[in-house]
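One chain comes next, on its own, written out as C-alpha cells in the form predicted on its own.
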C-alpha cells in the first residue's frame, strides 16, 4: 500500500508529521474545512494554499491562521521527517492507509475521532474478513492469574475457530495470551500498538511481534519510527475498542488501561463482557466493578458470538451482503470435539469414548482454578492414578503444566 500512489502517500505521511510536530490540532482542521479553506487533510501539503491562508484570504479563527503560519516556517523540516518515515516504511514493509481509501476499516469509519491516517504491517485482508465475520477486543491485566490466562486461551481459540478476529494491544499478560491463542485460527489476530508499527513494545514480546507480522496484522496511528510514549496508550485503547464489535475484559485492577478500553467500547455503544472472578483478588476488582456497573457476565464464547453476530448482521446489510452468518455450521460443530461442557457431560455418562486429548482438556480446566495434586485430579476426573499420572507427564513434557511441591498448575509462556 505504501507505493500505490506515491504522491497521496507522501501527503498522508505529511499529515502525520504535522500532527506530531506542529501546533495544528483536530480543531484547527475542522476550522479550515468548515470554512472551505481546505478540502481535506491532504491539502496541508499545498504550500501555496497555506500561504493564502496565512495572508488572511479565508475567514478563519486567529489561532488557526497563527498555527498555519508556524507550520509554514517548518515546512521543509516536515518534508525531511516524511522522507525518514518513507525510508523506515520501505525497509520494514509498512503500508499506510487513509480515511479517503475505500479499504479503510468499516468500524472506524462509522465512528468519530478515528485516525485519518494509520500504518500497518502484515496481512491486511484481515480487515475485510473481520468486517463480514466479526471481531472481539480481548484485554486485561499484564500480570494475570492463571485462571484468567486459561480462560483467555480457551475463549480466544473458540472465537478464532469461528472466524472471529481477536484484537488486542500486544502488552504482557492477557494481550500476549490473546494473540498467541488466536494467531493461527481461522479468525486470526490484530495487534494495535501505541508507537510506530516498526517499534516492538514491550521489547520482550519480539517473538509475538514477529509471529503476528507473518500471520496476522499490526497497525498503529503513529508513523514509522515513533516511540510509544505514555500519553499514546489511552488513544491506542480507543482504537482497539473502535475496531471491534464488542470487548471482553478477562481481568482488571481498579487502576488499569483495560478499564479505559471498556469505557471507550461502552461509549461507542458496544457490549462489554467481563470474566467473573474472586471478590478478594485485588487484580480483579476493576472487572468486578464493571459488572456492578452493568457489564455482561462472560459465561463462554457463545454469548460473545451472539453479540458479534448482531453487529455483523447490520454491517452485512449495509454493505449489501447476505445478512445471515451461521457461526455453527452443524450440530457437531456447535457441540465441538473440544467443547469443555460437552466433554464434562460425556465423561460422566460415557467415559470410555473420551480421548486422551479430551481428558487433558478436563485436567487443564480443573487446574485453571487452583493447583492440584494427582489424587485430587483422580477424584475430579474419576480416572485411575496411573492414567492421570500418564496424562500429567505428557502435559508437563509439552509445557502445559508444571509441578511444584507435589501439586500441578498451568504454565503459560
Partner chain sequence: MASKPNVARVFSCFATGTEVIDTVIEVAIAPGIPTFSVIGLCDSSIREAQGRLISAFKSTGFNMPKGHITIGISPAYMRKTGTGFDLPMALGILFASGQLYLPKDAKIYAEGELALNGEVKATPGSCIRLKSVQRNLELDYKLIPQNESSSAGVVGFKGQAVSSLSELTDIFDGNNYKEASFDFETERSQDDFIDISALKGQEKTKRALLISAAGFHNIMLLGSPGSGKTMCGKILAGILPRLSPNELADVYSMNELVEGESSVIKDERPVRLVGPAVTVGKLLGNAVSITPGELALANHGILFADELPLYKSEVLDFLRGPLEERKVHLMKKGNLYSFDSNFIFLGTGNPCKCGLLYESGSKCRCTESEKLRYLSKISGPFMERIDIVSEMRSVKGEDLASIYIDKDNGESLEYRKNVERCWQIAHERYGADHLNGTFPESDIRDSMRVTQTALRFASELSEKGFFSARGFTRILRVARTIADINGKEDVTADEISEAAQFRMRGI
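Numbering follows the first chain given and starts at 1. In this text, rigid core is short for the largest set of C-alphas that superpose within 1.5 Å between two forms. Only a predicted model underlies this, so the values are computations on that prediction, with no experimental measurement involved.
Missing here is the form predicted in complex with the partner chain; even so, the following discussion is about that form.
In the model of the complex, at least one heavy atom of residue 393 sits within 4.5 Å of the partner chain.
Put simply, residue 347 is far from the partner chain in the model of the complex: not one heavy atom of it is within 4.5 Å.
Using a 4.5 angstroms threshold between heavy atoms, residue 366 stays clear of the partner chain in the model of the complex.
At a distance threshold of 4.5 angstroms between non-hydrogen atoms, residue 60 is out of contact with the partner chain in the model of the complex. The chain is drawn here without the partner chain; in the model of the complex, the stretch among 43-51, 377-385, 62-70, 24-32 whose residues come within 4.5 Å of it by any heavy atom is 377-385.
Contact with the partner chain in the model of the complex holds for all three of 397, 403 and 406, each having a heavy atom within 4.5 Å.
Annotation for residue 17: C-alpha shift under 2 angstroms between the shown form and the other one, rigid core superposed. Once both forms are fitted on their rigid core, the CA atom of residue 46 lies less than 2 Å apart between the shown form and the other one. Positional change of residue 60 between the shown form and the other one stays under 2 Å at the C-alpha, relative to the superposed core. Look at residue 138 and residue 363: in the model of the complex their Cα atoms move 3 Å or more farther apart than in this form. In contrast to the form presented, in the model of the complex the C-alpha positions of residue 400 and residue 277 spread farther apart by 3 Å or more.
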